[in-house]
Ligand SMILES: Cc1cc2nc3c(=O)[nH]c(=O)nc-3n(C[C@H](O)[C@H](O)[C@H](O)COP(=O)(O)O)c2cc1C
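Starting off, we have a lone chain in the form predicted on its own, written out as structure tokens.
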């Protein structure tokens, strides 16, 4: 049975990110019940301070927070799900704080031309990004995707990255709204109400994509 760890960067309850996660989880539950959902904002995770001691002791030297237990769960997971709204082209601060501590999973060597990253353990994991955007342009999430492309390569040659982006989601649970509800909402957002029909279908397709991905990866 595959272990799934969800790192949820949402900063408010029951938003669009939560709906994406709900559908992914429902799909995964077809094959796996070993699913743990961690809300990043509720963890006590101190900031990485760049001390580089992890290069020597092969683990993060920061103590008295939740990282030691969380890092063990990260190492044991087969599937790592990172879910977040996109604020100013990036994930939320609580989730970024966790990502910064991933530095302790690799040895970093400074060279004249750059850095060489060597993981302490070569991972074989599926990385999943579930991203909800207020923007109509999904390229606003590209900085996040670029980082995760780099992370999955640095942490092991056999890692895979799966990305789902949901766009034009400005209000809570908008991804679940009916076509008629979208028609009523869009003028308030200064959007053309005629977008509602296509957006309703797009949103339904995204939710199905989340469900199908969870079901497929958990096999």
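None of the values given here were measured: they were computed from a predicted structure. Residue numbers count along the first chain shown, from 1.
Heads up, the form predicted in complex with the ligand isn't pictured, but that's what we're talking about next.
Problem set entry | Contact residue in the predicted complex, from 73, 96, 107, 89 (heavy atom within 4.5 Å of the ligand) | It is 89.
Exercise. Using a 4.5 Å cut on heavy atoms, which of 28, 169, 155, 40 is close to the ligand in the predicted complex?
Worked result: Answer to the contact question: 169.
Exercise. Picking from 74-82, 127-135, 98-106, 111-119, which part of the chain touches the ligand in the predicted complex when contact means heavy atoms within 4.5 Å?
Worked result: After filtering at 4.5 Å, what remains is 127-135.
Problem set entry | Touches the ligand in the predicted complex: residue 12 (any heavy atom, 4.5 Å) | Result yes; residue 12 sits at the interface with the ligand in the predicted complex.
Exercise. Does residue 17 reach the ligand in the predicted complex, with heavy atoms at most 4.5 Å apart?
Worked result: Yes, residue 17 is a contact residue.
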